[in-house]
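Next up is one chain by itself, shown in structure tokens, the form predicted alone.
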Amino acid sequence: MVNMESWDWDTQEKTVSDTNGWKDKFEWVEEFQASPDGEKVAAIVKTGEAEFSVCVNGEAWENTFDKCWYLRYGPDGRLSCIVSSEMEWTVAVDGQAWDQSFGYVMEVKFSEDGKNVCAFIQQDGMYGAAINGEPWENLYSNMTNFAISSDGQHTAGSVQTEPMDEGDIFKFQSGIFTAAVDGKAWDKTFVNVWNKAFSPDGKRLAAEARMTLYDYTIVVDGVPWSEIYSCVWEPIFNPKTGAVVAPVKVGASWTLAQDGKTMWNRSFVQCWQQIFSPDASRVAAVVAPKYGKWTVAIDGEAWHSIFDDMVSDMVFSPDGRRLAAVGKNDYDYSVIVDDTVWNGTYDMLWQPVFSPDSQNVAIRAEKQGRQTIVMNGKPWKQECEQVWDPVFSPDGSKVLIRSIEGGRYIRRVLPTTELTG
């Protein structure tokens, strides 16, 4: 994990870069990205005719490219971007492009510590993945649902194992899809394979699979569960026991199953997006007790707070005793913590963030085109053009706020009490 102890938690406020001047230096400036420690702000910029680069704290990368997109900071603070040059695509990290280039790069993902950068690639009409520029030895004519292990040392995708003519429904129904891990396909094939999840140690892979046109199940390391369902959603691994848990449809209702056996006594109209608490003693999911009515269920027990449009972005507190999520009614977003809805609604909310001691909850929020931080239901006094997710110091006593105000990118470290009141 990223070591935040070494970050500057003493400087209360500093303007890192005045981004107003960037528009004078470059033909255009795209969306800003802030580094995890708040020390840098970056954006893709157009430096000339058909020439693009990345500007960091007002200075452009030395290298330029035909095109840049998908700019992101990794957890370790390195900055990556998908770039093209001479009709080929690759990934540039802190301005240096990988040695290997490809026909196209679709997506980039980071390991939890940021040390490994993984990409979904296409080369000569064949698809696969690359880790730090090293592609799979075996590529496939079709791949979707790119996934990586938490350490970024393993990659997977849903792949097509045999060619199929357009409209060949019989070939499709025979099952020509499976999962490939590090380029090696499972032996068994299926009608479809969708979302996948690696075990915490990266040694196992579970996936949603369609056995026939009407039968679905979960497949782990190429072996299907013995139980068949009318539908399933994305599985996850229990981080402590290694058991696989997935939402499954039994009859007309949904519930959670573990290793093919129902684990909740109650079922719902819908159930998905399940997560484990850090110690794996509890499991929560987004559920619909009634059609079009959404809430959270923890260990099968549904909350009383109901939303008409959706519930998303669930997160457990570090101690596993609390849970926060985002709910939506019509155009209004709200924060729910422990089945209590905060006062105030917003035009947009991101995922809640718990303090290390699990006592405080902060969230990035937007209303009427202005963004701010809300903690424990109380909005921060400052309204900004843009803010990023708040970051608590390791001891929870301070909060790092990264914002753009009047075109200036500002890094602030505030006492947590200043936001809680």
Partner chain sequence: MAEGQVIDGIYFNEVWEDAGLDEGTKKLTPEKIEKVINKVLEGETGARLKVYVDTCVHCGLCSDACHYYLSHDKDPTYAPVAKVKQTMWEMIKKKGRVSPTFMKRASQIASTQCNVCMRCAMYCPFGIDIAYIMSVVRRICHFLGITPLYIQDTAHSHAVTMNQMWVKNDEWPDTLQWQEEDAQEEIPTLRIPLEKEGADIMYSVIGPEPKFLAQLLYQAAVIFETAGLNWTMPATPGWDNSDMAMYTCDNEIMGRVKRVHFETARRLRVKKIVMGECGHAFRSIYDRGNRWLAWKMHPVYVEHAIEFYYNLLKSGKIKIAKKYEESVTLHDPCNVMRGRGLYEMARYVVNEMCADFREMEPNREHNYCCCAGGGVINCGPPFKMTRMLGNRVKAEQIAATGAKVCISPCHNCHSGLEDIVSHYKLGVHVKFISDILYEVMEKPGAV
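Numbering follows the first chain given and starts at 1. These numbers were taken from a predicted model, which means no experiment stands behind them.
The form predicted in complex with the partner chain exists for this protein as well; it is not shown, and the discussion that follows is about that form.
Participant: Report whether the minimum heavy atom distance between E31 and the partner chain in the model of the complex is within 4.5 Å.
Facilitator: Within the cut-off, so yes.
Participant: With the partner left out here, check for me: in the model of the complex, does some heavy atom of T161 sit within 4.5 Å of the partner chain?
Facilitator: T161 lies outside the contact set for the partner chain.
Participant: Should K67 be counted as a contact of the partner chain in the model of the complex, where contact means heavy atoms within 4.5 Å?
Facilitator: It does: once the partner chain is placed as it appears in the model of the complex, K67 has a heavy atom within 4.5 Å of it.
Participant: Hey, in the model of the complex, is M348 touching the partner chain, heavy atoms inside 4.5 Å?
Facilitator: Yes, M348 lies within 4.5 Å of the partner chain in the model of the complex.
Participant: Quick check for you: of 187-195, 92-100, 316-324, 276-284, which stretch puts a non-hydrogen atom within 4.5 Å of the partner chain in the model of the complex?
Facilitator: It is the stretch 187-195.
Participant: Would you mind picking the one in Y73, W342, W233, F110 that has a heavy atom within 4.5 Å of the partner chain in the model of the complex?
Facilitator: By the 4.5 Å criterion, the partner-contacting residue is W233.
Participant: Between the options S312, S305, Q258, S199, which residue brings a heavy atom to within 4.5 Å of the partner chain in the model of the complex?
Facilitator: Selected residue: S312.
Participant: Pick out the residues of 208-225 whose heavy atoms come within 4.5 Å of the partner chain in the model of the complex.
Facilitator: Residues within 4.5 Å: E208, R210, L213, Y214, Y216.
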